[in-house]
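What follows is a single chain, given as structure tokens, in the form predicted alone.
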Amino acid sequence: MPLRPLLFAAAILAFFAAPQLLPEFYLFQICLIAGTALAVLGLVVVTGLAGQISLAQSAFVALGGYGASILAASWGVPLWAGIPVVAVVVAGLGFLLGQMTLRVAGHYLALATLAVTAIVQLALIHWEALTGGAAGMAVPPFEIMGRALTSGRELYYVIVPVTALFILTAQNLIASRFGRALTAIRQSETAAEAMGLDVLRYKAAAFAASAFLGAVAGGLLAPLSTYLDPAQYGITYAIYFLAIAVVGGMTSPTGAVIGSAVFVLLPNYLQAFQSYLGLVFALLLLGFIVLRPNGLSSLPWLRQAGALLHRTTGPKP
């Protein structure tokens, strides 16, 4: 039997078997890993692939979560319809942001995107009539055909497939003309311009893709948490996403999943060190930057698994 149908069948079997075999807590954790990986996937595109340092991912996640929740609460738009609409709008804002900020580079770009995160958080806190202010707002349940999905077991059937779809899309994007153009820009903008590439447009498009993925992730994570607090969408959250990307592998879509699993699951095994969890994550990030800058996805067996995934899910020749 060919490898591609065999792996596809195994993945489908595992997907439907998990809710039958795992308790609610673990399904919630899987949903949290998947949603976080989707947000980090945006950094894989804009930072790992295009080489643009971005600290605005938490702002995009916040806009996606708040935007879809406000549409549902104030105008009755169901989350399944509001999330893609808001994601497209946020992607447009990301493209405009790229046009305005990507004329700068390096630490200036990082500071510019950091300012965007601070501005969005301040807007969420002070626009009380719309967002609930510093007290936050409750998230309407995710409803499909009149059925409210309120548990991790139910949301599993939404969040995991959507994340898997975008992971596979990103895998194919890397090998596409667009992905090769972003890689060329990361390696040398001067050489890319000499080849005729519109560097600014490609970088802005990468920012738009990052914003879209962040907004979708925010919209999917919102009903999972059931409540939105503007305090969680600040600069610390932006660095949290960047740390996940570094640990998992900045240039690997599967690395986004691996890094998210580490950061979501590790606190469960460090209950005795909860007060020092920030220090643990900081040391973990520092260790990976120094010892394995390409992240966990660069481990030989994980790299081979990623290559196999790309061969079996990519377009047939």
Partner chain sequence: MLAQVLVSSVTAGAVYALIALGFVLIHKGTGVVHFGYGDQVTFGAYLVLIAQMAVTGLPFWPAVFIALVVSALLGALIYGGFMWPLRNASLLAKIIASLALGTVLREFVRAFMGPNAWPFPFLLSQTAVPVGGVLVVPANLAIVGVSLGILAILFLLFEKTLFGKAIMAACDNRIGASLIGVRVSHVFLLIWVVASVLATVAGVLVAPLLTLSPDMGLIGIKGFTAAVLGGFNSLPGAVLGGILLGILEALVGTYISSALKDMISYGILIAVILIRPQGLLGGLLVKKV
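Numbering follows the first chain given and starts at 1. None of the values given here were measured: they were computed from a predicted structure.
Note that the form predicted in complex with its partner chain isn't included here; everything after this is about it.
With the partner omitted from this view, the residue of 204, 116, 139, 160 that lies near its partner chain in the model of the complex is 116 [heavy atom within 4.5 Å]. Scanning 258, 285, 264, 70 against its partner chain in the model of the complex with a 4.5 Å heavy atom cut-off leaves one residue, 285.
Three-residue candidate spot 55, 100 and 108; every residue lies within 4.5 angstroms of its partner chain in the model of the complex by at least one non-hydrogen atom. Its partner chain in the model of the complex is approached by residue 112, whose closest heavy atom lies within 4.5 angstroms of it. Interface residue remark: residue 93 is not counted as part of the site for its partner chain in the model of the complex, having no heavy atom within 4.5 Å. Interface membership of residue 254, defined by any non-hydrogen atom within 4.5 Å of its partner chain in the model of the complex, is ruled out.
With a 4.5 Å cutoff on heavy atoms, residue 147 does not count as touching its partner chain in the model of the complex; it lies far away.
Residues of just one listed stretch (76-84, 210-218, 139-147, 236-244) have heavy atoms within 4.5 Å of its partner chain in the model of the complex: 236-244.
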